[in-house]
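What follows is a single chain, given as structure tokens, in the form predicted on its own.
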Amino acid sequence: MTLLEFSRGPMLHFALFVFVFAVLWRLISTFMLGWRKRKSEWRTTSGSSAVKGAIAVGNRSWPHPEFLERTAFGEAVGYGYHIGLFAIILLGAPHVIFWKNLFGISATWWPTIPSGIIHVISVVTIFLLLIATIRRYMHPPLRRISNFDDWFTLVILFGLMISGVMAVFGLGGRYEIILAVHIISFNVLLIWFPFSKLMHAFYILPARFFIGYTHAKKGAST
């Protein structure tokens, strides 16, 4: 068995199993924490509170104007590399083929971004990740709150992105080896994901909705 066969065979299957099982375990365990006992009467209906919760998702996903002057650069970099990663993973033609083969999807409606544009997005995303990493290290408050979780995640992402670009442009040696490194980086990311801060991808929107919903039920605003 070659390294490439191992990376997209047994290792990929193991990584997917860990990812799915651990994510479900964390989501179910969080849900089972339950609700705090109410100490006051609800002030609004559930429907109205749900609307306020949805509004809170939008409000909390955009920086407040009062802080925009100080946070605009960090916000732009953060949103930039997140959007870049999602575009590459979900709309890059090689990745769309990978997802279709993995899940047995034969649909033709799945759109793809032209390869030239994906290449540009990939390079820009790596650059933005580098800026975010330097900023995290150079900014004292960010550096103080950063731990192994943050730095290890960045190492995985850099390995994933750089090996992907190298495979596309034929850099760094045999294509099969570089592609294997790329897939192994992806597998490591899948295994690491449920046990890291990356779980915010599943928590962030429901948490914002829940905060807006409960505040509205109590007659407060967010």
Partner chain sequence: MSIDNRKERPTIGQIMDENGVGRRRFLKYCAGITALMAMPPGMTAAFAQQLRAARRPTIIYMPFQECTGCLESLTRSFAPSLESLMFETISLDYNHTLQAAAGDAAEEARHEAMEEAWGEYILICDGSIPTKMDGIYGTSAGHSFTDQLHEAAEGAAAIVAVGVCASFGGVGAAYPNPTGAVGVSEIIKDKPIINVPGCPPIPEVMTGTLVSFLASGVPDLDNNLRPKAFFGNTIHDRCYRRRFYDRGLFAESFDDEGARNGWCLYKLGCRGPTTYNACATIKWNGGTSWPVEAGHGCLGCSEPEFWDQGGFYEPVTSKLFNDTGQIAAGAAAGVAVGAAAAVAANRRKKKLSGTADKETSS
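Numbering follows the first chain given and starts at 1. Just so you know, these numbers come straight off a predicted model, no measurement behind them.
One more form of this protein should be noted, the form predicted in complex with its partner chain, which is absent from this view; the next part is about it.
A residue is said to contact a partner when one of its heavy atoms sits within 4.5 Å of a partner heavy atom; V120 fails this definition for its partner chain in the model of the complex, lying far away. Its partner chain is not shown here, but in the model of the complex it comes within 4.5 Å of a heavy atom of V168. Taking non-hydrogen atoms only, L179 approaches its partner chain to within 4.5 angstroms in the model of the complex. For the chain shown alone, A132 is not a contact residue for its partner chain in the model of the complex, no non-hydrogen atom being within 4.5 angstroms. Residues T112, P114, S115, G116, H119 of 111-145 are found to place at least one heavy atom within 4.5 Å of its partner chain in the model of the complex.
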